[in-house]
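This document opens with one chain alone, in structure tokens, the form predicted on its own.
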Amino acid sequence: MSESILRLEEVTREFGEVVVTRVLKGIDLRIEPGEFTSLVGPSGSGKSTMLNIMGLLDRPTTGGVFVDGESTTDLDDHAITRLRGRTLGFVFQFHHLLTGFSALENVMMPAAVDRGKFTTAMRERAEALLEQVELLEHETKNVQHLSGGQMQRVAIARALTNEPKLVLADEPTGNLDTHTADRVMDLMRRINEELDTAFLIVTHEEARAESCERLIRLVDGEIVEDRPGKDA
């Protein structure tokens, strides 16, 4: 059996010192290679907190987080950053592209930051990714001049730059019209199937959640449902 890409063991997260609020309450979860999973739950259920911990952007109060088989408990910030960069990719509701830069430069940026410079290999990788998301013809265009759906596709290409094993997507279609959102979901699904990249997609849309292979429901900081999607 292959190693889980991401594993949470009895993870809790508390906030506050005088008045303590426990947002996550003993989360146990495994994300396996190649999975296409949705995470749903009402506002205030702890989805964002859980995603931040899964993405190594925050640490749990108690419990263990394992990425690609490696425990993160005793890693310092530098090691956490390195592990995050080589294993995880991120797509957000608001794409967070760098305005003033082209689509190609935005896709290259994570690799350039990691290595301290732009290289020919990075450019070739970025061009291949832009072709995969059907935007190669816009590679030199400033991202400010792209449509919302095009910018989100650039963001997906950027998330794949360092060949992550898992992409964490936080409401990636929440800011798009229905037609464009469908195209973005189809694109992520195609990448999942072609590259065997696992996706965890946070969404408030039940229909989109049900279209994923696996649906995880979080309520009041606890996983109350973990099952196959009905329309997968």
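Throughout, we count residues from 1 along the sequence that is shown. None of the values given here were measured: they were computed from a predicted structure.
There is another form of this protein, the form predicted together with a small molecule, and it is not shown here; the text below is about that form.
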Checking 49, 61, 175, 192 against the small molecule in the predicted bound form, the residue with a non-hydrogen atom inside 4.5 angstroms turns out to be 49
Answer key, the small molecule contact in the predicted bound form at 4.5 Å (heavy atoms) among 35, 205, 182, 171: the residue is 171
Item to complete: Answer with yes or no whether residue 223 is in contact with the small molecule in the predicted bound form, where contact means some heavy atom within 4.5 Å.
Response: no
Exercise. Verify the contact flag for residue 42: yes if a non-hydrogen atom of it lies within 4.5 Å of a non-hydrogen atom of the small molecule in the predicted bound form, no if not.
Key: yes
